[in-house]
Every structure is written in structure tokens, then in C-alpha cells.
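Let's start with one chain on its own, the form predicted on its own, as C-alpha cells.
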Amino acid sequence: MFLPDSDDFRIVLTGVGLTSPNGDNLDDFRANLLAGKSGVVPFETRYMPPVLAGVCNFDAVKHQKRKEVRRGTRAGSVAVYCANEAVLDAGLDWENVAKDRVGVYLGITEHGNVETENEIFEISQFDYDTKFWTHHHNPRTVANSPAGEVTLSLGVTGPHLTVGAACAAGNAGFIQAVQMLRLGEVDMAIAGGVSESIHTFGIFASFNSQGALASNEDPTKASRPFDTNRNGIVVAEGGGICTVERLPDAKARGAKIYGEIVGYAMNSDANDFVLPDSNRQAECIRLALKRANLTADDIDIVSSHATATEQGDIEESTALREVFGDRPSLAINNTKSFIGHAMGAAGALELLGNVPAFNDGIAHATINLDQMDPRCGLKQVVANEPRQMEKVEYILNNSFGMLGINSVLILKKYSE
């Protein structure tokens, strides 16, 4: 275990791999966020009319053989792509990395629904005769599958975990990595979040039955966090994964450093299956600030969770006002307005989309915000056009999920 006053306690991001509905690497993702380009498109799913979704278009066979893609899962394919891209971006001499000292920690919202739905559909064509059931079902649907598929791809022999944390999972993957690095359990982590959600009709059907599935004649305008005319969630897939290291190790190999994780927190509402609680969200934010030894006035950008559901937006807005007040120098933005809700990947993608602000000093916008819901009333939301900031030293990333799980991560611009 490393002590808080040690440089080994400092944890940094050194490589980024991602796929999103509007970009398959950080440069393209960031450029499209700054340009206001949405990745939401019409999408076909079983048993329902066409829906709207955030769909990724990464090259699945860049780091896998076609046979591996067929045998594995969509979440695993997303994870393998992002993890390999992160390792490449980190400039690691991967052949000589001690693979038993690497851990893989990936946040997920759910896993196994895609494969189960597909397999049930397939045997329905054969009168539900289970002799046609695939023998790949069990390894595809075990909860550790996405992280496990990464270990198979990269030859990692250290620990691997998927962290089931609903839509707080993207942050949770990074938090697990921080804890394991500070404990000395691993020397490097491959961490973040992934989602395959658009490939299960059940998610669309459930949101639709709740009246929470977004629709719009123009798909690019469907995801409307904080807007009076929002009408629900746009489901998306994606992944955001980083190599995460202790600072001395990163410096020793001359790694580029994207940012330093200085604070985090997770807590639970203990209130409702789906309805959020602004009081617990505010507590989670304050705990992350306390652990980072910061005050609310230190934060420059807040990456909001806002899903474009009425109560979700209002509760988070209440929490943000309670913690941050109306300080005009604060920028609040939202990435779901561009790509939809990427579930387990949401927090990771939303954090990574803001990371370049450390260098360019720009807070990307929240698009499709034509009329702020007065019940949200956040004056600091960056609406429709990016904002040039006086400084960007700290980014706070909110991610909240069903069953009342909340997560907050604080990233600092790296300095000696």
C-alpha cells in the first residue's frame, strides 16, 4: 500500500482508446464534440418499429480475428478494440510488460442480454429445440466476459473484473483501477467502461414502456438534456478505456500524461429502483471534492450525467446548484446530447471527451438545448456553442445509475 504523501499514490491516465457513435479515437471524438456533430441515427431492432440509437462503426477485426468476433460478445469486441488502442496510444513496449502485474477493470451496465436474446431467437426457428443452442452461451454471458476477452486479446495474466454499476459504471472502472494501483495489487491497469446496449431489444422496449424512449423527426436532435422539449433517452453503445499507472512508473518511461485522477466517490440513494435522489448525488460530489482536498470553486468543468429524462435532469441540476451555486466561471456540459446514453461506457466517454480541454482550454457544448427547463435552471450550462475558458485545471465527471448508484471522478491537469 502506498501512502497519500507518496508520488506512488498519484495515479495518471497514459493511453486512451475509445469508440463512440461520433468518433473511434479521441481526436475525432473531440473534433466532433467541438463541431456539434451528433452520432444518433435510425436503428432497427426486433419486435419494434425503427428506433433512434447511438451506433459505433469501429473496425471490429482490427485487433481480433473474425472467428474471435463471432465467438465472443459485442461488449467484448468493443472492449478489445478500445483496450488495444489504449495500449498503442500509451506507447508501451507491450511485449516486455509484466502481464501478471496488469489488471483489467471494466465498468458495465448489463451483460449477456444480447447473446441470450439472439440465441432464443435462433432456436425459435427450430421449435425451441435446445440441441440448436450454442455451446458458446456460458462464456458469452458470464459477467466477467468483456474484461476477460481483453485478457485473452492482450495476454494479461493479472486480475480482471467487470464492475456492474449500472450507468455509474464508467467511473467505477477507473475507481477500481485507482484503488488496486494504490494498494500495490497491480502495476498497471486497463480501465474504463463499455456497453453493447443497442443490440438488445429489451432495453428499448423497457424504456418505451416507461415512456422514456426519445423520438424526433431529426435523429440528431433527439437527445436533449435539460431542454424543455426533451422526451427521453437515446440508447447508445460505445467504450472508453485507458491505461492507468502510478506517476513514477509513467514518468520513468517518458509517457505522455492525459490527466491525474485526484478524487472519486461512490454512494447509494437507498431510495428507489429508478428514481434519483439529488441529496445523495450532492453528497457524492462533496465526498469526491473532500478526497481530492478541493472546494467546489476549484472545479472548472462539470461533465453532467443528465440523460434527458425529466426527473433525472431536475434532480442532478438540484444537486449541482446545491454544491456549486451559480458561479459564472464554471462550465457545465453534456456529452449524451451528441451520442445518446452509452450506459456502462457513458461516464468513461464523457470524461474522455473533456480531457483535451486541459490543452485547448475549451469546454464543449451541450447541443439541442433550445430552451432550458426552468426547473433545471443551470446558468452555467454551455449551450450549443463551445466556450473558451480562462483556465481548465480540474474536471469533475458525474455518472449516476439505476438502483440509486452514484459515482463521481475528478481529473486534474497534470503538473509536476
Partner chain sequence: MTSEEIRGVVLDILTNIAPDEDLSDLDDGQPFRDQMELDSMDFLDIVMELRRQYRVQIPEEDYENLITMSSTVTYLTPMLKDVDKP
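Residue numbers count along the first chain shown, from 1. For clarity, every value in this text was computed on a predicted model and none was experimentally measured.
The protein also exists as the form predicted in complex with its partner chain; that form is not presented, and the subsequent description refers to it.
K.L.:
When its partner chain is placed as it is in the predicted complex, which of 175 to 183, 275 to 283, 130 to 138, 208 to 216 ends up with heavy atoms within 4.5 Å of it?
P.N.:
Within 4.5 Å of the partner lies stretch 130 to 138.
K.L.:
Looking at the partner-bound form in the predicted complex, is Arg321 within 4.5 Å of its partner chain by any heavy atom?
P.N.:
No, no contact at 4.5 Å.
K.L.:
Though only this chain appears here, would Glu122 touch its partner chain in the predicted complex if you measure heavy atom gaps against 4.5 Å?
P.N.:
So Glu122 counts as contacting its partner chain.
K.L.:
So in the predicted complex, does Lys62 come within 4.5 Å of its partner chain, heavy atom to heavy atom?
P.N.:
It does not: once its partner chain is placed as it appears in the predicted complex, Lys62 has no heavy atom within 4.5 Å of it.
K.L.:
With the cut-off set at 4.5 Å between non-hydrogen atoms, does Arg66 touch its partner chain in the predicted complex?
P.N.:
Flag for Arg66 set to yes.
K.L.:
Please pick, from Lys221, Arg291, Lys251, Arg71, the one residue with any non-hydrogen atom lying within 4.5 angstroms of its partner chain in the predicted complex.
P.N.:
Checking each option against its partner chain in the predicted complex, the one that comes within 4.5 Å is Arg71.
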